[in-house]
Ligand code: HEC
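Only one chain comes next, encoded as structure tokens, the form predicted alone.
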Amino acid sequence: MLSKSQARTFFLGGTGVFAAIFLALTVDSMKRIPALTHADQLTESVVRGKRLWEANNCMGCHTLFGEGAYYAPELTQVVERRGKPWIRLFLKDPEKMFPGERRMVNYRFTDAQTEDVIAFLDWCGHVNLQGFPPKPPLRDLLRPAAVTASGTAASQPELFRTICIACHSVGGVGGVVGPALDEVYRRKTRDEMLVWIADPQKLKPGTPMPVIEMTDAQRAEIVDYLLDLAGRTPPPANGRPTPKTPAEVYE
């Protein structure tokens, strides 16, 4: 049993020790912040993008670093997840990228403002958050199995590699919003693909597939690439087409 004076000494001594440890850890954390946040990459464009983020109250719907509202997607690593070309198109016309679904306001940013917002989000994605945000545990299970190793990014048209791959996948690489396109040539002819890409809403009103602005040459390049997969993809077992994945929700 401690006497009153011993108990007082123990309490004050313990409080002093743990307070010193807390202060030391705080100082150490503060010293690490510039390296963890890549403060040397805070360009003027990034700063302007942050001001646009705050001025338009983007946190009223989105979260960043886990802080904000949960009405719209978390954007800490949106540049890594979607890619800059896709984000440019989305900010230009949010409704166009998700027909009949998105409620995001079109802020009508200028091209320069759009680049500033992207620069800010790109900087956010490179901040070392010690494992945050966590990877979705079932995301890899939803990806279609790779059926060919030839559909690499190097062989893909630029527009497909920067825009289409955000929703579709080839060879098990890409998004899972739309159907995998490894064997789309089995389901559609060249002319059908060209017409579908040109105006999906006309053929199937309400489809999640947006109309992406592109030239006839770019559209043909994408279709020819998908048709070229026919010569590189092994035939399905028993002559039956490969079953659709859970992601193939609007084909």
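C-alpha atoms forming the largest set that superposes within 1.5 Å between two forms make up the rigid core. Computed from a prediction, not measured in an experiment: that's the story for all the values here. The first residue of the sequence shown is number 1, and the count goes up from there.
Here the subject shifts to the form predicted together with the named molecule, a form of this protein not shown in this document.
Non-hydrogen atom contact K188 with the named molecule in the predicted complex at 4.5 angstroms: K188 belongs to the contact set for the named molecule.
is_contact(C167, the named molecule) in the predicted complex, heavy atom dist at most 4.5 Å: Residue-level check for C167: yes, a contact with the named molecule.
In the predicted complex, H62 touching the named molecule (heavy atom, 4.5 Å): It does: once the named molecule is placed as it appears in the predicted complex, H62 has a heavy atom within 4.5 Å of it.
4.5 angstroms heavy atom contact with the named molecule in the predicted complex for G68: G68 lies outside the contact set for the named molecule.
Triplet L75, I87 and I163 all within 4.5 Å of the named molecule in the predicted complex via a heavy atom: Judged in the predicted complex, L75, I87 and I163 all sit within 4.5 Å of the named molecule.
In the predicted complex, residues of 165-183 near the named molecule [heavy atom within 4.5 Å]: If the 4.5 Å heavy-atom criterion is applied to the named molecule in the predicted complex, 165-183 yields C167, H168, V177, G178, P179, L181.
Post core alignment: R88 C-alpha displaced by 2 Å or more between the shown form and the other one: No.
CA of V170, rigid core aligned, shift of 2 Å or more between the shown form and the other one: Yes, the C-alpha moves 2 Å or more.
C-alpha of C58 moved at least 2 Å between the shown form and the other one on rigid core: No, C58 moves less than 2 Å.
Cα-Cα shift for D111 and V211, closer or farther in the predicted complex, minimum 3 Å: Relative to the shown form, the pair is closer.
Distance trend in the predicted complex - C-alpha atoms of V78 and G206, change of 3 Å or more: More distant in the predicted complex, by 3 Å or more.
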